[in-house]
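Starting off, we have a lone chain in the form predicted alone, written out as structure tokens.
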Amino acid sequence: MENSVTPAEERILEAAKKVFHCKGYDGARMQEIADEAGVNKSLVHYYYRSKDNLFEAVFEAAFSKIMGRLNEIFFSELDITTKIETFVGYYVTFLSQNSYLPLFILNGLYEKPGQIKKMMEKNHLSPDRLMEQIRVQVKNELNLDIDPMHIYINILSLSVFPVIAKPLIQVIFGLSNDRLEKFYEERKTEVPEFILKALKGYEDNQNR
């Protein structure tokens, strides 16, 4: 039977997410997290023992949210075109609604780089297996010999960067929140089309 999470634990995790997001691992203090959660510090230690354990719990929740559907999408029976469209559509929507996540994860990796390996193992994520899956599909369906890492990084970058750069984009282009949301919605179509046209161009060059 799975252990249920108490309301106090939920408040502590939510408070820790806010504090870690604002101040990072090094700048966060257990007392500050306790104050944010409205509990005493001893209760935080009771549930999580240490700042390391609490950070790991928050990081795991964030990592699972952002990477949770990775295997589901790319190891499904969908063709590669539909996979790209599904991946971009899901992540653009999800990240625009959880814009704190990419920077939180990146900052967490800089401060505690060993965390990524632990989370990948726990979530059964295998980069080699993922790259081979993409390589085989691209070869079989599009007849292309191309490093799958470039394809994946391009898709990920085009999906994540506009979320990370949200304040910059709004200032440069003078976008209101409503116009920005429309922009994100447009990305769900624009990004897959851009990637697939780039692959088509690569195919044309290979055939010359």
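Owing to the predicted nature of the structure, the values given are computational and were not obtained by experimental measurement. By rigid core we mean the largest C-alpha set that fits within 1.5 Å across both forms. Sequential numbering from 1, following the sequence displayed.
Beyond the structure shown, there is the form predicted in complex with another copy of the chain, which is absent from this document and is the topic of what follows.
For the chain shown alone, Met131 is a contact residue for another copy of the chain in the predicted complex, at least one non-hydrogen atom being within 4.5 angstroms. In the predicted complex, another copy of the chain sits within 4.5 Å of a heavy atom of Arg179. Contact annotation for Glu14: none of its heavy atoms lies within 4.5 Å of another copy of the chain in the predicted complex. By the criterion of a heavy atom within 4.5 Å, Gly27 is counted among the residues contacting another copy of the chain in the predicted complex.
Contacts with another copy of the chain in the predicted complex, taken as any heavy atom within 4.5 Å, map within 141-177 to Asp147, Met149, His150, Tyr152, Ile153, Asn154, Leu156, Ser157, Leu158, Val160, Phe161, Pro162, Val163, Ile164, Ala165, Lys166, Pro167, Leu168, Ile169, Val171, Ile172, Phe173, Gly174, Leu175. Once both forms are overlaid on the rigid core, the distance between the two CA positions of Glu32 between this form and the one not shown is 2 angstroms or more. With the core held fixed, Tyr184 shows a CA shift below 2 Å between this form and the one not shown.
After superposition on the rigid core, the Cα atom of Ile195 is displaced by less than 2 Å between this form and the one not shown.
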